[in-house]
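Two forms, one chain: they're shown below as structure tokens, one block per form, named structure 1 and structure 2.
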Structure 1
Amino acid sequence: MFAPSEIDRIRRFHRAVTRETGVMDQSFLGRGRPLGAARVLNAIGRGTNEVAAIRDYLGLDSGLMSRLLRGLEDEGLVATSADPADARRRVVVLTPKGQAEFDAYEAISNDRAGRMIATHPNAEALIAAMDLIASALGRHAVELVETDPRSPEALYCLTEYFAELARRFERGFDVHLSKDPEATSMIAPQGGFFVAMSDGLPIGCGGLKGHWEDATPWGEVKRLWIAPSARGLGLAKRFMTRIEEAARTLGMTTLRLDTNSQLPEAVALYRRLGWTEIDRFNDDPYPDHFFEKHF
């Protein structure tokens, strides 16, 4: 019996993606230029304007980046200049013609994606698989960004987090039974809130809640959540490290957190990272495990 190996399956996937994305096409999406030039145009249109940053984002060498930019300049789609703040750096912006071309690419790409979703018998599973692959391939490019917990990216993560708790807790979950449901104490300078961004999409969050009412201020780790597609890639540990750094910056020397035994992976994480279990320190109705760390 023939049984395709894992390597065979991965290579099949690579070939399928190459065909679908038009890597070999000299006219990507029928707009008259190859994929490389279109990707540079897309990066600029999405707000990455520093040439070195575009090069790093797309994984291009300096020579290829220069050729692609020169081609776009010759078409009148972009304009390159020295950065006013640092003449050693170059910045690039879309011209009106370039903006129109960017918009055309966006419309065609959105239409193709929409048709793929509409014609697949299990679109939800398809997109979940794509999320899993994108998270794995882009794991080293994920950035932890400090933001307001009321920002759209933060609210997306928090909504997903609360929904997961509602599914996993036997009694469900209602954030309004917790203190500070709006997370205002996780806004600097009281605390901090961080979102993991993967190529423009939020895939996780974590907060530092400051307690300044005591003689010795301390911090509390709150609302640590990673999207299912990005779990197992080390993001939770990165969040914990970032939150500890923020606490130190604010002058805190003690951190605490709580969790629930119905989240065994969370309990295991905190133990693995060297946190010490302590007695209950709050009256929140949901947690049954409490941890502390001094530094």
Structure 2
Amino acid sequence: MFAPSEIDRIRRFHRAVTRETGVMDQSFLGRGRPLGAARVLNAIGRGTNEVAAIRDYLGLDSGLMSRLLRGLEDEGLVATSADPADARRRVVVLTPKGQAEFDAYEAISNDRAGRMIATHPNAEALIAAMDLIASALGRHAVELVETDPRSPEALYCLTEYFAELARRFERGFDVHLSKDPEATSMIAPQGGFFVAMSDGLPIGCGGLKGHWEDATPWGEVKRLWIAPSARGLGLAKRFMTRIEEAARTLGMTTLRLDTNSQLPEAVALYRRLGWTEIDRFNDDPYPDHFFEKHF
């Protein structure tokens, strides 16, 4: 029986995007500049300003980098100057003309991307598929960064998290009925809040809330969420490790958390990571499972 193998299908995918990428590169060439120079300009425009960082990001030789930079300088698109902290290093910024050129490249990209979703009837599914693949391919480059729980990235994750709870809990979810931790209790030195960033996209979060008012202070794991497109990459475990580290650093010796049996993967995770189930320790209406860990 004929059935296209998974490998055939991956390779078909590969050919499709390779073709697409080729078309994109061609359209970049439309601005009369070689691809290498365009890439450097793009990196600078995106906020990478140290020469070494650009070189590293694009994987270029120092000689080639230098020549590309000289070329952009001759065109009047960038200006370089010595780093005040260490005059061996150089920093590069876009001139107004360079910014205009960068914007033009952005417009090309956005235009292509926009046309793609505009002409596809099920753009949402298409983009979800892209997220899934981008997360899978870029899984080695996911960074957990500590951030303010009121930062845009954190708020984005929290909104998605609450929306998912509302979908998955039989009786829905209203964040106001639940104990919403004060943001300050999830900021050092009280606690911490972490967001997983994958190439600029926030794909998960996790918070540590400090309870310092009690006789023996303890920490509570809150708001652990991984984007559907990034599940299965081991991120939840990374968050838990990171949160434990933060708790230790802040001087806590006990961590607790609550969860719900309608999130079986969460319950399974905590069991697997060696947490022990305990009695209810709060009067929040949503959770029905409670865990604890000492160290």
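Residue numbering: sequential along structure 1, first residue numbered 1. By rigid core we mean the largest C-alpha set that fits within 1.5 Å across both forms. Predicted model only: the values in this text are computed from it and were never measured.
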Could you point me to the form predicted on its own, 1 or 2?
-> 1
If you could, name the hinge position out of 56, 120, 86, 27 for the rigid-part rotation between the two structures?
-> 27
Rotation (degrees) of the lesser rigid unit against the larger between the two structures = 16
Relative to the superposed core, what is the Cα shift for residue 73 between the two structures, in Å?
-> 6.0
Students should find the CA displacement of residue 39 between the two structures, rigid core aligned, in Å, to be 3.7
